[in-house]
Ligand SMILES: Nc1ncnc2c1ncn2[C@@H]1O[C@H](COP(=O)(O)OP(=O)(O)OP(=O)(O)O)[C@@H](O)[C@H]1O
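Taking the form predicted on its own, here's one chain by itself in structure tokens.
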Amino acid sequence: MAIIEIENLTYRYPHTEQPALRDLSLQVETGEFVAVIGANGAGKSTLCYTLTGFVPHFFQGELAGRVHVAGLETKDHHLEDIVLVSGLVFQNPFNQISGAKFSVYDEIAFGLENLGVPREEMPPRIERAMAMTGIADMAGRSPYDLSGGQQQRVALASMLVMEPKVLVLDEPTSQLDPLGSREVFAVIRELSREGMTVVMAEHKLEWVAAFADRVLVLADGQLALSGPPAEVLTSPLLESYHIGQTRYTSVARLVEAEGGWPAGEPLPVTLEEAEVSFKAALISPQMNAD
């Protein structure tokens, strides 16, 4: 069942001539982990803001079409209603830290306090969110004494503790190292398996390939491609949208260009796929003949 339904969405920011999103339609199923990729300016952040009500309620501007998220028509409901069902993790964690609390634990509790969650229900939710994001040992520290990557984990925990039906993330691993990125992707995939719907704008294609259920490609505010990672991330159209490819796909294309790739063997997008594919290439009659 679709928890997100967008129909013919066009949105233009105030004082701009060109729309950031153009006639965009898509559906996302409950529990699906959808990654959104595209060049800078393609509309990824705007789509994230739209799914969480910041467009049009915070940024204003002109919106046409229909955006239905977790039972709410976003343009007809206030932000305080939408945040109960659809939560946003910003690219820059500094923008998300409240500044009103002096410890990580209290920062994560802040949203629950605003919702009026009973006090006895808060500790288990806070502790689970900290454990999932790997920051349990930072509970007593000030959010402002943390590194950018640690702050990003706090921002993610602050949203997870709210238990939204839809979690929207705008490049949440931008300040994380490879290990931290993998851990965050693993947490998010586990959440989707538990029933949370996830939409993530992200540039790190290897993690997208390994963890996402579906990949959407935005180009000039329009939905250009949609499908499984193995299909979308090996599409020859990506170059025309100024999007790269994983290192595994890149190497496989070089082999293919030299005539050494087995006919019918799909190009890999993950390390695991590459191991299988390159073994097949090495033992293929075509490769042996060369």
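Just so we're clear, the structure is a prediction, and the values are computed from it rather than from any experiment. When you see a residue number, it is the position in the sequence shown, counting from 1.
Below: the form predicted together with this ligand, not depicted.
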TODO: Please run the contact check for Ser192 against this ligand in the predicted bound form: heavy atoms, 4.5 angstroms, yes or no?
DONE: no
Open item on the list: So, Val34 and this ligand: in the predicted bound form, are they within 4.5 Å at any heavy atom pair?
Closed with: no
Open item on the list: Please tell me whether any heavy atom belonging to Gln91 falls inside 4.5 Å of a heavy atom of this ligand, as the geometry stands in the predicted bound form.
Closed with: yes
Open item on the list: Please determine whether Tyr241 contacts this ligand in the predicted bound form, using a 4.5 Å cut-off between heavy atoms.
Closed with: no
- [ ] Please pick, from Val28, Ala42, Val67, Ala224, the one residue with any non-hydrogen atom lying within 4.5 angstroms of this ligand in the predicted bound form.
- [x] Ala42
Open item on the list: Check for me: heavy atom within 4.5 Å of this ligand in the predicted bound form, for each of Tyr105, Glu127 and Phe185, yes or no.
Closed with: no
Open item on the list: Looking at 257 to 265, 243 to 251, 34 to 42, 230 to 238, which stretch has residues with any non-hydrogen atom within 4.5 Å of this ligand in the predicted bound form?
Closed with: 34 to 42
Open item on the list: Residue by residue through 6 to 36, which ones have a non-hydrogen atom no more than 4.5 angstroms from this ligand in the predicted bound form?
Closed with: Tyr13, Thr16, Ala20
